[in-house]
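Below sits a lone chain in structure tokens, taken as the form predicted on its own.
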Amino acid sequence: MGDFKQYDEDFYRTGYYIDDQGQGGYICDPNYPPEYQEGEGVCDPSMDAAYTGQVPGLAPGTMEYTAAGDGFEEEPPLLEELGINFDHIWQKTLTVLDPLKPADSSIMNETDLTGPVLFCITLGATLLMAGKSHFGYVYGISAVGCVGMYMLLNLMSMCSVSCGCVASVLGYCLLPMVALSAFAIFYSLQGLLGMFLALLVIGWCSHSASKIFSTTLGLAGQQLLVAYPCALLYGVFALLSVF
């Protein structure tokens, strides 16, 4: 019982009262042992300073942020962070649509898959509108063709090229095939006109792809060698559109 009274007296000696709970959560009693008063947040005189109501980083009387931090205005656009550049997509599309336009060497330096993925989805959608559900064939043939062309170009060229760059070029050159598939929605290609259009589109796609590959990889005089496997790849897509 004597120990309990001793604990009770020690408790009230520290100056901790229920009425003082809202005034602070630290102990600042001169009679308290000094080893328990040392440390961060214990008996800190600066904690007794009155709250001024100022928010760090805000100018007094205003709601403008004045700190030298990264604001929303300094952040790059979301499309730029995702690697989507509509100007580059448009320039690459024009290079494919104009067979006589010289290829830009910077095309191979970018792994832009936004346009190719969009063209593959559009090709599958147009085939579906024509009554042919070939989404799996489109994705599978695209993947196999990209890997095959990647291996072939690395064997033929002294410069190494990534598989993403090859997929980007082959995907952009798929645009004329998308137009052929869209034409098949309104007119059957199983005829003389359809065969002629299919051969024309195959030559168009393979010429554009081989032009870009031969120009950017320095394959001078070897465009026909590059165009042959490209024609085989796009010929499979033409078969899906015709039949």
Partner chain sequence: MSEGNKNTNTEPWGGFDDNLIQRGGSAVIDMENMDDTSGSSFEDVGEMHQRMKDEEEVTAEAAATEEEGGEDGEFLGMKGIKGQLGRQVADEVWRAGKRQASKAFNLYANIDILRPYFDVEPIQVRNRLIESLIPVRMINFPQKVAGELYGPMMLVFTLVAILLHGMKTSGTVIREGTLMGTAIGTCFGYWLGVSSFIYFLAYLCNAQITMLQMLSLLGYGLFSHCVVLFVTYSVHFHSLFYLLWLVFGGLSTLRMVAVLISRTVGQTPRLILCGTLAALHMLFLLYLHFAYHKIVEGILDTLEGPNVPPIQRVARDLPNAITVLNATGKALAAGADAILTQ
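For clarity, every value in this text was computed on a predicted model and none was experimentally measured. Positions refer to the first chain, counted from 1.
There is also a form predicted in complex with the partner chain; it is not shown, and the following applies to it.
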Task: Residue stretch of 113-121, 91-99, 167-175, 151-159 approaching the partner chain in the predicted complex, non-hydrogen atom distance within 4.5 Å - done: 151-159
TODO: Flag C163 as yes or no: does it have a non-hydrogen atom within 4.5 angstroms of any non-hydrogen atom of the partner chain in the predicted complex?
DONE: no
Open item on the list: Can you tell me if I141 lies within 4.5 angstroms of the partner chain in the predicted complex, counting non-hydrogen atoms only?
Closed with: yes
Task: G221, L225 and L232 all contacting the partner chain in the predicted complex, non-hydrogen atom within 4.5 Å - done: yes
TODO: For the stretch 164-183, return the residues whose heavy atoms include at least one within 4.5 Å of the partner chain in the predicted complex, in the order they occur.
DONE: none
